[in-house]
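Presented below, as structure tokens, is a lone chain in the form predicted alone.
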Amino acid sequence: MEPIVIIGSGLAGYTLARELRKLDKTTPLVIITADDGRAYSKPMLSNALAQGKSADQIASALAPAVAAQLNAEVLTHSRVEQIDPAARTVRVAQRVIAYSKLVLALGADPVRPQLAGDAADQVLSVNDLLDYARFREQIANGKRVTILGGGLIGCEFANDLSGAGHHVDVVHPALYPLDRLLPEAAAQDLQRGLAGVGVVWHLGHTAVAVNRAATGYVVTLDDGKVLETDVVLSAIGLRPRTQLAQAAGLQVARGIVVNRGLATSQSDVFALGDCAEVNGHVLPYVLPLMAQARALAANLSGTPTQVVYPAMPVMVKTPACPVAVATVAGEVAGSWQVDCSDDGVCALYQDGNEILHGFALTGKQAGQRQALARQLPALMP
């Protein structure tokens, strides 16, 4: 029997493998990963510094232990060079592996900022455990960190770095942080909360150059202002990894296009996680990934199943100002109803009939998220 092959050992790949083994304990399983195959939870990368956690402490298991737990072969430091859907094979270095079913759990790449300067190549990003280890090593010798991007990951790192005793500057092109997720009042509350723990905001600006200095680096902004720093961290976004799929002839849009059974345009090839575009949705969050893994495990084990997305609020890990947000599903005509108090901001997105379609909560108001989520329509029923 040819194995089920999973490409990727991140949260998506390993979660799928665990869900599959709950239903099917014997089908041969091969997991191919370009890194060392350690199991870890990626969301921990942006809030582990203040807890003093190293990369080794974040990892929950080494590859051999994962392989034993999953009754699987885990090929580490192995990069897939080609997928041949017609021959039903993948090529890794000199080895060709046949599959019965193939799953792409490829993840996403950080968007690289377009920067001038002789140190533009020194800008870091943290997208996996090895990135985190390098970042930890760099900040061990420097107190000043400049973050490019004030979205979800940028804000989480800003809070975490500040809590770990670093001076943090955040450069963000919009006039308030988390502008793609939050209405202005909620975003400004987050901005104030992070400023209260020492984060310095440079809103409405972008970095244009990073140059070496006598000590550390100098970041030049679009208005000519310069920031002296020891480390520059880019957190301006993620782009689904689609190159391998596209080269194999799979349909690709923003991500690898899959239906609600997680099947791609090629027979017996599936995708999930940050690389997948599920019925038009690209959602780089944990709850959608878990729903995908359960549905795909059922499909791989012979039970036709469609993934369902209930309302899935996102909790932003910013203890200085907790934030919970449920984005509006699709194009819904409506408006934000905002109530601000000393306890935080409660912003509700309602249509003309006062039906709730989304919310943004800050501070103690974030405690309402589960009750409000029950009032929301399913994202993908």
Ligand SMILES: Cc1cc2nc3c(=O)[nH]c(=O)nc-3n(C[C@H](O)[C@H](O)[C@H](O)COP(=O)(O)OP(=O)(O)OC[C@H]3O[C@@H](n4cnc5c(N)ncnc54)[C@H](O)[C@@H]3O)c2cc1C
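These numbers were taken from a predicted model, which means no experiment stands behind them. We number the residues from 1 along the sequence you see.
What follows is about the form predicted together with this ligand, which we do not show.
At a distance threshold of 4.5 angstroms between non-hydrogen atoms, Pro322 is out of contact with this ligand in the model of the complex. Taking the partner from the other structure, this ligand in the model of the complex has a heavy atom within 4.5 Å of a heavy atom of Ser46. In the model of the complex, none of the heavy atoms of Gly358 sits within 4.5 Å of a heavy atom of this ligand. Contact annotation for Val126: at least one heavy atom lies within 4.5 Å of this ligand in the model of the complex. The chain is drawn here without this ligand; in the model of the complex, the stretch among 245-253, 159-167, 135-143, 271-279 whose residues come within 4.5 Å of it by any heavy atom is 271-279. For the candidate spot formed by Arg21, Arg294 and Leu372, no residue has a non-hydrogen atom within 4.5 angstroms of this ligand in the model of the complex. Proximity to this ligand in the model of the complex, defined as a heavy atom within 4.5 Å, holds among Val219, Ala187, Ile153, Val171 only for Ile153. Of the candidates Val286, Ala209, Ala298, Ile97, Val286 is the one whose heavy atoms come within 4.5 Å of this ligand in the model of the complex; the others do not. The partner is not shown here, but in the model of the complex the stretch 72-91 reaches within 4.5 angstroms of this ligand through a heavy atom at Ser78, Arg79, Val80.
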